[in-house]
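What follows is one chain in structure tokens, specifically the form predicted on its own.
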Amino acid sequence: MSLKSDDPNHFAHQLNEPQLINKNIRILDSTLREGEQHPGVAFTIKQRIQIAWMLDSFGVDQIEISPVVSHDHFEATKTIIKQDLRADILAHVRAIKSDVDVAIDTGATWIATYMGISDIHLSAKLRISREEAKIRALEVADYIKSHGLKSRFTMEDASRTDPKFLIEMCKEMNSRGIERISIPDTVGIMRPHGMYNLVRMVCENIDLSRSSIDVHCHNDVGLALANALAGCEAGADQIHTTIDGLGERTGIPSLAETAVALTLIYKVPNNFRLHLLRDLSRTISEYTEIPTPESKPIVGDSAYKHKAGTHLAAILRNPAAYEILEPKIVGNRRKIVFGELAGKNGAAYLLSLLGLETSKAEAEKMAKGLKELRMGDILELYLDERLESKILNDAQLE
């Protein structure tokens, strides 16, 4: 059977239609805000500045940080704003005038405010009525606009808010020219179709030429990225991420997974420097002392690690058999694992590495010996492209 395209992902892309072709989906990274809400995480001022520089170099569109948390956060926000980065720097504060004043003092031109508007948030956290919440939120929105600043308003816990009240609030913000409205799934309760319906409902009730939509999805049951992408299919044009998905409880979508999904699966035009993803993950792991899980997609040590005999045989001929993009594109490296699952092809490759005979008989003998050792994995090797080419020419792989 012949393929209709040289791209091994061709038929998968056909089934994935419709895609967000030519739609510019943006990324806001919240490592310096949501990420610091992860248990045990606290960056120094210098680390925050370094992270901001790296995120800007990678190509995110916006970076948010909360100047009201502490004096250090205030100083970090002020310093990052002075760096004149390409990305917008959003000062993230509560929908309270005194918080907005702190944000203004940092020199911020973008101010992001938030308020819980679900009944459970209004009663358990804010202890105010819907009407009181609306008055407070709109007063703050008008206050920000009176200073000539750009603004985003987050409808916290939108997914559990009475739809009528949510739409009412969104319309009010839209009429005031608030540049961005964020629709969060604060507790990770939505499934993708539900998130699509939620964002679609908002989009159909506001003027999108006045306000654009963000999605901020939590990962409590592992659906954060799927929900965020569904929200974009419904009309949102910006996803909130953190490096390695750090955040409150189980966090939000990972920057690496989001950027690769948008680039490879959704084919969204962007200028992301994907090769920086592994370095971003390593930097955060170093600063937080939280190890990156080996199985973490894209940036984990096992993301490009191949072990099973049939997998090794295919990978040694063409890595695309089990990889949707080359590891070097995202700053990672390919590894092969030798052990009782290696098979004769993997054994022949190992014999070649050792400079030994790679005949079929010798390869089968080696494979049998590996199985009889019953030691599981005994050796891991990076698959260097130049070495790989030489050995594949020497080895008698069938």
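Owing to the predicted nature of the structure, the values given are computational and were not obtained by experimental measurement. The first residue of the shown sequence is 1; numbering continues from there.
Note that the form predicted together with a small molecule isn't included here; everything after this is about it.
Is it true that 31, 257 and 281 each have at least one non-hydrogen atom within 4.5 Å of the small molecule in the model of the complex?
Not a single residue of the candidate spot has a heavy atom within 4.5 Å of the small molecule in the model of the complex.
Would you mind picking out the stretch of 154 to 162, 314 to 322, 258 to 266, 219 to 227 that comes within 4.5 angstroms of the small molecule in the model of the complex, counting non-hydrogen atoms?
Stretch with heavy atoms near the partner: 154 to 162.
Within 4.5 Å of the small molecule in the model of the complex, heavy atoms considered, which of 211, 186, 106, 242?
Comparing distances to the small molecule in the model of the complex, the residue within 4.5 Å is 186.
Going by heavy atom distances of 4.5 angstroms or less, which of 287, 114, 196, 143 would be at the interface with the small molecule in the model of the complex?
In short, 114.
Against the small molecule in the model of the complex, would residue 73 count as a contact residue? Criterion: heavy atoms within 4.5 Å.
It does not: once the small molecule is placed as it appears in the model of the complex, residue 73 has no heavy atom within 4.5 Å of it.
For residue 92, is any heavy atom within 4.5 Å of the small molecule in the model of the complex, or not?
Result yes; residue 92 sits at the interface with the small molecule in the model of the complex.
Using the partner position in the model of the complex, report whether residue 182 sits within 4.5 Å of the small molecule, counting heavy atoms only.
Yes.
Applying a 4.5 Å heavy atom distance criterion, does residue 37 contact the small molecule in the model of the complex?
Yes - in the model of the complex, heavy atoms of residue 37 and the small molecule come within 4.5 Å of each other.
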